[in-house]
Every structure is written in C-alpha cells, then in structure tokens.
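Given as structure tokens, the chain that follows is alone and in the form predicted on its own.
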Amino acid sequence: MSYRVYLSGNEAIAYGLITGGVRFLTGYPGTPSSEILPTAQKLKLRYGFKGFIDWAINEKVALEMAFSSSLCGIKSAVTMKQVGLNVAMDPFVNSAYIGPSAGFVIVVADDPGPYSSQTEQDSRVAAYFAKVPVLDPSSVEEAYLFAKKALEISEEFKIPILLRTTTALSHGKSDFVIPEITIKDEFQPAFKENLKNWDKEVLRLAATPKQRFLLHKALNEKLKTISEKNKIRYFYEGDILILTSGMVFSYLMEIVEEHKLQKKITLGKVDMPYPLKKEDFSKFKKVITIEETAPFIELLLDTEGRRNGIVPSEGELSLEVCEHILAKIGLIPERKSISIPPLKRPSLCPGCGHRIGLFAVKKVFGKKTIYTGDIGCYTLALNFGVTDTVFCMGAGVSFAGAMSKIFRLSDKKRFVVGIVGDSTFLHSGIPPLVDAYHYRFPFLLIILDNKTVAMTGNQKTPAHTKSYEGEPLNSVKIETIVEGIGIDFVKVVDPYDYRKTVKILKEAKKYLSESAKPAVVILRHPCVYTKEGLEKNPKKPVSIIEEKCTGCKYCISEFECPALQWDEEKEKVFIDKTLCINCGCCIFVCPKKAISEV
C-alpha cells in the first residue's frame, strides 16, 4: 500500500532518513537546511519510536555525536548548511578514515546565489577533499529516495555519505508517492549486536598514525569499488552532451522538452558526483558541464563549462540562467530580459528587542565606535549603523578583541563593541571571549539574548527548559558561563527598559575607560516572533503628535522600525497599525517628543 504526499525537499529528506532507519539525528540550524530536523521530530511524535532527534550546540559537536552513535550500531545522520560544514571539517574528514559501524549520512544544504549565507561554496568539493561519496538529488522525490539510498550505500561500504541539497531543492515542494510508513524498532537490536564486537574495534576507533595509513588504503579501495558501480544516466539522443546534477538537471530537462531539443542534446545525469569514473564521450560533438556551484564534474571529467566562460562563474543557475547558457551556444533563441523592481531591504521585526537595545548602544557609544557584528538577525543592524563587520560565527567576539588591542597599542582612543546573539555565542563565541579575558582585551561584548535561534526559524537554544517532547532539560545561563571565565563586569538587562539599559551601558563605557579588560552586557528580551515572546510582550500603544513631528525622519533612519512610515503628502511620519505591535520603544527615539503613549 502507498499514498501520495506533498512535501518540501527538506521534509522529503527527513521522511527518507526516518523511514530508512535513522534513530539518531542532530545538527545545527542554518538556512536552507533548518526544516529537516523539525520534520523528523514530528515523525517521532507521530510514530513514537525510540531514538534521539534534537539540535546540537554547533556543527562540529553535532557531527561527532551522530558519528559516535553510528559506531554504536545506530543508523545516524547530521544536518547543516554549507558554511556549517566548515565548522565540522575536522570530524568530517576523520569519519571517512574510521568509517561508521551503521549507516551514517551528512546532509548539507548549499546556498547558490547566495541568498542567506556568507559564501556560495560547493559541498561536493569538501566531499572530494574528505574522500566522502556525495549524492546530488534533482527533485523533491529524489531527495526522499536518495536519503534512503545514502543509508544503504553507507551500510554496504561502511563509509559516510554526504547528501547534498540546495536552496531551490530544500524549499521547493512537490507531490509524489511513497510506500506506507511502517516504523520498526531499529534502536535496541542494532545496539546489542554492535556491542558484541566493541572490544575488537580498538585498532580502528583509536588508530595510531601507522594504522591510519592502512585505514586510508582501505578507504581508497572502497571509493574505487563505489566508482565502478557509479554510472552516468543518459537522456535523449543529441550529439551535444550536457553533463549535470542536482536541480539544474530538472531545469535543463524542462528546457529540452519546451524547445524540442531531444535530437540535439543528450543530458547526462550524475547522481553521485563523487567518486566518479570517466566514461567515453568520443561519440559526442561537444561536451559541456552545467552544474552548481563549482566546476566539479567539469574538472573530474575534463569538459567545457565554467572554465571557458560558457557557464557563469558565480550565482544560482536558475531556469532563466540555464536558458541563457543554451542560447549562448546557439541552441535556443535568447529571451528578452525582464526588469525586476528593486526589493525593500530586510529589517528587524517590529518590536524586536534587538532594535531598541542596539539603539541604546549607539546612543551611548556613538558613531565613531567600531561595531563588530556576527551572524544572526542583528546583522540587519547594518541598516541603522550599528554593524561595521560581519564575517563568520563567533568572529564578532574575535574581531572586537583583536581590534581593541590594536587601538590600545596604537594609542588611539576608540571604543570597540562586539555584538553577538545568544545562540551564536554558545556556538562559537565562548573560546574568543576566553582569549579576550586572558589577554585583557578592552572591549564591550553585547550578547543579544532572545532565547531562540530566530534567524533560521526559531529553533530552541540550550536556555530552554523542555524538549519538543515535553521532557525536562537543564537550562544554560549565559551569564554563568561569562562569570565562570572570570570577567568582572557582567550585567543583564531587558532592553525594553530603555533608561536602565542606557545607565548600564554608560557604566560599561566608564569601566572600559578605566581598565584594560573586557566587559559584557547581556540584553535579554524574548523574540517577539515566538508565541511566548508575543504573549508576554508588554503593550504600550503609541501615536504620533502631528504638530510636533517636523518630518526630520530621524526615527526612520536611526531606528528603522517597519511600522514607522513616511507620509509623502503630509511630509510627516505615521504609524502603520497593521505592523505595530505596541511595544512602545519608539517613544524614546524621537528628538522632538512627537511619539507618545496613548
């Protein structure tokens, strides 16, 4: 018996992993991968099977936990986005040498474009570097099938498998047919069987460098065997061969069908870009590779493509871009370009505690201060001048520490303020703060604690007291960690209490002027985009006193709340009540006192 489902690519991957037998799934949220783990949690609640499905503190820890679970004989998986794989590279490379004892899949979502990332790097290159086979599905249905296939290959060869998805596939939706879901207890039987051989595995699990040489040799043999079985699938009968993988295959197939190119083009679909054995292409007049994002298959098989300018060197290969590529080589006419109106730049949500908190920071420390930002919602503080750098997770702390020391050594009197979110601080902000304390780096660290991973969909943080299943959890307090490092100046305040926030920030400024040590202020207010945050948010309705508004636009440029709008006819600001959540924070912003509580 089977039934039809309508799923996104991420949901399909979760279904594939769980029905394939995964009973330990962890990861770190990052767009476009974030929906995989919550979907698996819903399946666990629905079917009540035994296992662990929840978030880890960062990608490195997640991969290590999932891999160690596979060593216990439990099919395991870990999810992250492409820059998260950078964080997990050490255990990722090592896992290939050691090899899992049960199926082990690393799901990585790439972001060609990029739309929500620092880079548009290609995780297939990382898989090549680590000698880990990689599967590249081309549709939502294949995302489901390849998740199961990845587990099967991993089980057969005792090797990690990288399942690669991209933004378009992760967030795209489709309906397809799956077999009826029957959940078996795959936890206890596998675990008990594996424990029998545990004491015989020391040479593999705690291998010395000499033994690693033998493990590397065995890994190469596995890859050779897999590559012999890995065949390119061919579609149509043209004398121009276009090699492709992932979502680009679906786009190209659509173009071939629309323009009736079945006798001109042969599409070569590469399901597993690595390890890939070279095939004989001599019968084709021309061989081109069109793929996202690096010239990966192109380099392995030595074809035309990105390296000779046929394919763009950056950006997503959307349907329109693929059409442009085929037009460039004379296969279809060039479409007229469509002008796209400029988009409104994104901003923090109305009532966001980060906005009023960072406005207070700007008021106290001024515009000459260097503000080192980090990865999270608060990156949008770029819009109103409280972010000067954004690099990678945790770098807001590292940058602030080093820069503050440089200014001190240069005898330049300039304050440095590092800005980091609660989840990012726990992810990778603690080590640089330890260094800052150790080396007496004189800067202020602002930790914006909204009790959620807001940027990627409000996933839980270690501050939570209950799991998604309602089980009790130990709540982690950031101030306890900071105080444990040894930092003297640690203050916690709700930024909605604007006057108290300003007072504490002035104390921090004075502390930095008088001592060569870091200070930490935690601005704690629950995210208003969560149910709990919106329910507990104080209500303070406000209005504009028109006769006091001079039209200076200070509130719009310096505070940038979406609810504050400009009336072109009256040349005054008004409050859009469809957006305003009555937080009352804008009362403290207007220099003319034109905003008041109703």
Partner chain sequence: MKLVILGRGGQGVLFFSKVLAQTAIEEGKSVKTTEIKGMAKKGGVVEVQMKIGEGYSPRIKRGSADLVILLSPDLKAYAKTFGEKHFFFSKKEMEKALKEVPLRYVNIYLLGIFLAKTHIFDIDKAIKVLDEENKKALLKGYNDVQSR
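What you see is a predicted model, and the numbers here were worked out from it, not measured in a lab. Residue numbers count along the first chain shown, from 1.
The same protein has a further form, the form predicted together with its partner chain, not shown here; the description that follows concerns it.
Using a 4.5 angstroms limit between non-hydrogen atoms, residue 388 is distant from its partner chain in the predicted complex.
When its partner chain is considered in the predicted complex, residue 211 lies well away from it, no heavy atom lying within 4.5 Å. The shortest heavy atom separation between residue 454 and its partner chain in the predicted complex is within 4.5 Å. The closest heavy atom approach of residue 119 to its partner chain in the predicted complex falls outside 4.5 Å.
Contact check for 6, 168 and 343: all three have a heavy atom within 4.5 Å of its partner chain in the predicted complex. For the candidate set 370, 490, 240, 377, a heavy atom within 4.5 Å of its partner chain in the predicted complex is found for exactly one residue, namely 377.
Among 402, 219, 300, 253, the residue placing a heavy atom within 4.5 Å of its partner chain in the predicted complex is 253.
Residues within 4.5 angstroms of its partner chain in the predicted complex, judged by any non-hydrogen atom, belong to 170-178 and to none of the other stretches in 476-484, 496-504, 219-227, 170-178. Heavy atoms closer than or equal to 4.5 Å to its partner chain in the predicted complex belong, across 100-124, to one residue only: 115.
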